[in-house]
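Shown below, as structure tokens, is a lone chain in the form predicted alone; questions about how it binds or moves come after it.
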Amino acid sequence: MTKRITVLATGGTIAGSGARGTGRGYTPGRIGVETLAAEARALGIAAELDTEDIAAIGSQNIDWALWERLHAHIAAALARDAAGVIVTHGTDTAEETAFLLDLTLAAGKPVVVVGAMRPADAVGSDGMRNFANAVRVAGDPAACGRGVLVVMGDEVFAASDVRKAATTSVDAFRGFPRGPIAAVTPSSLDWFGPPARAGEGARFAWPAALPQVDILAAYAGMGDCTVEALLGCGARGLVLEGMGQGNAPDAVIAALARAARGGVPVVRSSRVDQGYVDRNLEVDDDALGFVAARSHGPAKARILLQLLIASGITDPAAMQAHFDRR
């Protein structure tokens, strides 16, 4: 039976052109999603694709208004007869969009975020292969109950694990603490385990808005002025992109502790590519009122902190429980 899949496009490299075959420069979001779907149909991909262009941007420009529109369209498609939803997306913020959707949608029918590292008219473009792989995943009943998924480079990642780890490689995406949860090609799909979230509802209700939460990058010799500046600009939460296990110079830690005492939640994450940020190692989180990001990198820590604040959860222990949860 042919599966009906809704495809929502937001732009990005997968819809980019202008590379002139061997060139490097290009413009994202120039190709409409129906063109991508028509190419897929011409390849004989067995799915009925309903397409809609939501936006045509580079994903560095995604914002709350687009997230809100995208979420509403996904929810409407899942409530109808769609077997699954595909979101074509730029790779720069794919992990943030996927994680936000994962936290605010039930883990039922598959929602798949897919992009490309090379524009459509570049030699060796990976867009159509990634898209064909996404169609296979979105139409597979075994994809249900796994939460939002990201398909890139013949691999399937859970939104809670995925991150972009290279600037240009076609295999730019990695997963932590889990690696890929499936291997996929246009003609095959192999899951590495059963669905872990079957029957789970949305972890958070979709908020009316997301509060301002800023990321503070730590570096040697850093002072506390950046903390004060961000608070002065209206930050309602702060994520430290710290050194190693989420550390920073003493002056910065002291300024963050003052912010936490003043009711501004502070989460310690790390600038290191992967690894856990645990509580109470070099930094006394209990005494200072901080939250440890655990496996969440700075970008994901920010999304989760925004949803927690929007949901009225600001007690450090309650927030820590959400960061500990997998």
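From 1 onward, residues are counted along the sequence shown. Here the structure is a predicted model, which means the values were calculated and not measured.
One more form of this protein, predicted together with ligand ASP, exists but is not displayed; see below.
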Sole residue of Gly139, Gly147, Gly90, Gly237 within 4.5 Å of ligand ASP in the model of the complex, by heavy atom: Gly90
Only hit among Ala116, Val112, Val184, Leu101 for heavy atom within 4.5 Å of ligand ASP in the model of the complex is Ala116
Close approach of Ser59 to ligand ASP in the model of the complex, 4.5 Å, heavy atom: yes
Classify Gln306 as contacting or not contacting ligand ASP in the model of the complex by the rule of any non-hydrogen atom within 4.5 angstroms, answering yes or no. no
In the model of the complex, does Trp67 come within 4.5 Å of ligand ASP, counting heavy atoms only? no
Quick one: is Lys164 in contact with ligand ASP in the model of the complex, heavy atoms, 4.5 Å cut-off? yes
Given a 4.5 Å cut-off on heavy atoms, tell me which of 270 to 278, 41 to 49, 59 to 67, 256 to 264 is the interface stretch with ligand ASP in the model of the complex. 59 to 67
In sequence order, the residues of 131 to 145 that place a heavy atom within 4.5 Å of ligand ASP in the model of the complex are none
